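Take a look at this single chain, the form predicted alone, given in C-alpha cells.
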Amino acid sequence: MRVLGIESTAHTASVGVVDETAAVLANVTDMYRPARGGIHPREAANHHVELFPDLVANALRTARVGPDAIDAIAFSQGPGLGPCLRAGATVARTLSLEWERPLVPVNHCIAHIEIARALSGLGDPLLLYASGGNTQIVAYGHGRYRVLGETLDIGVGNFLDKLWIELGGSFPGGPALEADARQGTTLHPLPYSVHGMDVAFSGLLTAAIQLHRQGVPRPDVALSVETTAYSMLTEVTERALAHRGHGSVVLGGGVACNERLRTMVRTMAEGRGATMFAPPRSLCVDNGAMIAWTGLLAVRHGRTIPVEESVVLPRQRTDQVEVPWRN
C-alpha cells in the first residue's frame, strides 16, 4: 500500500509518499516566507495553491510511482490556519476524485506522534509537541491521544517568532534565535511560567523584549530565553513521565529541531532511565510524509471520508480524534 499525504496547516506546503513499511518514498516541501512580519494566512494559502501542482508532480517523480500506484490520499484536516488548510484540502479532494482514490482526514498533531513512533520503534511513547501553533504533552489512553499539559496562551514556536521579529529579525525566528543563543555568554533571569502541567509564554515574551530594550545584547537575550522556555518544557515532560510510571518520550514539531531542547530532554529522560527519540529534522517539522503515514494507518482501519464531508477543522484538538489503530 502507498499513500500520498498533503500538509498545509500553516507556512509549509508539503507532499509525501510512504508505503506500508513506513519507508518515506518522497517528502517534498516549500515554505512560505513573508517579506516582513509573521504569517499572513491568505498569503500563505496563495503560496500553497501556486506550489502544490509542482509539489505533487515532484513527489510522484521522487517516489518513482504514478497515480495508479497510490492507494489513498491523506490531508491535514486540522488544527491549523483556515485558509491554508482549505488550500491543501482542495488539492486532496481533487486528486481523490480524479484518481478515484479514498480520501483520508488526518489530525496534524497525531501525525507528529505516529511518524515518531514508526521511526523510533517505540510502542507507547510520550510526545513533547513543540511547534509554532501548538505546545502539548500528549500520551495515548483509551482509544485516543490525551493532552496531559499544554500552553495556556501561545505556542512556543509562535513565541520565538514574535520575539525574534521584535528583536529586529525576520520570520521564521526559531533557527536564527538558536544561532544567536550559541553566542550568548550571560544568563539573565526571566519569568518561569509553569502552572501544574501547563506552561505560558506571553509573560516571558514581554520580559525578554524589555531585557533587550534595557541594553542586554541580543545573544544573551536569546540564551536566556532558550534556557528558560526549554526548562519549562522539560519540567512538564518529566512530570508526565513520572505520572505514567514508565518511560519513553519522542519530540515533534519545528521547535523540536532545536539542539538545546533536544539535549535538555534527553538528559532528563536518561536520568530517569527513560528513552528519548527525535526524528530527523525533515520529519520533525511539518511535512507531507507524516500525513501520508498516519493516513495509511487510518485507511487500514476504514477511516475515510466522503469528499462532500471533508471540511477542515482549524480548531480540532488532538484528544477529539479516535485512533483505532492503537486499540
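Note that this is a predicted model, so its numbers are computed, not measured. Numbers for residues come from their place in the sequence shown, where the first is 1.
Missing here is the form predicted in complex with a small molecule; even so, the following discussion is about that form.
(request) Counting non-hydrogen atoms within 4.5 angstroms of the small molecule in the predicted bound form, say which of V221, L251, V255, C84 makes the cut. (result) Going through each option in turn, the one that passes is V255.
(message) Only one of 117 to 125, 130 to 138, 87 to 95, 234 to 242 has heavy atoms within 4.5 Å of the small molecule in the predicted bound form; I'd like to know which.
(response) Within 4.5 Å of the partner lies stretch 130 to 138.
(request) Decide whether L160 counts as a contact residue for the small molecule in the predicted bound form under a heavy atom distance cut-off of 4.5 Å. (result) Yes, L160 is a contact residue.
(message) At 4.5 Å between heavy atoms, is A289 in contact with the small molecule in the predicted bound form?
(response) A289: no contact with the small molecule in the predicted bound form.
(message) Quick check on P175: any heavy atom within 4.5 Å of the small molecule in the predicted bound form?
(response) Yes - in the predicted bound form, heavy atoms of P175 and the small molecule come within 4.5 Å of each other.
(message) I'd like to check something about A10: if you look in the predicted bound form, is any of its heavy atoms closer than or equal to 4.5 Å to a heavy atom of the small molecule?
(response) Result yes; A10 sits at the interface with the small molecule in the predicted bound form.
(message) Whether H108, Y230 and C284 jointly form a contact site for the small molecule in the predicted bound form is the question; each needs a heavy atom within 4.5 Å.
(response) Spot residues vs the small molecule: full contact, yes.
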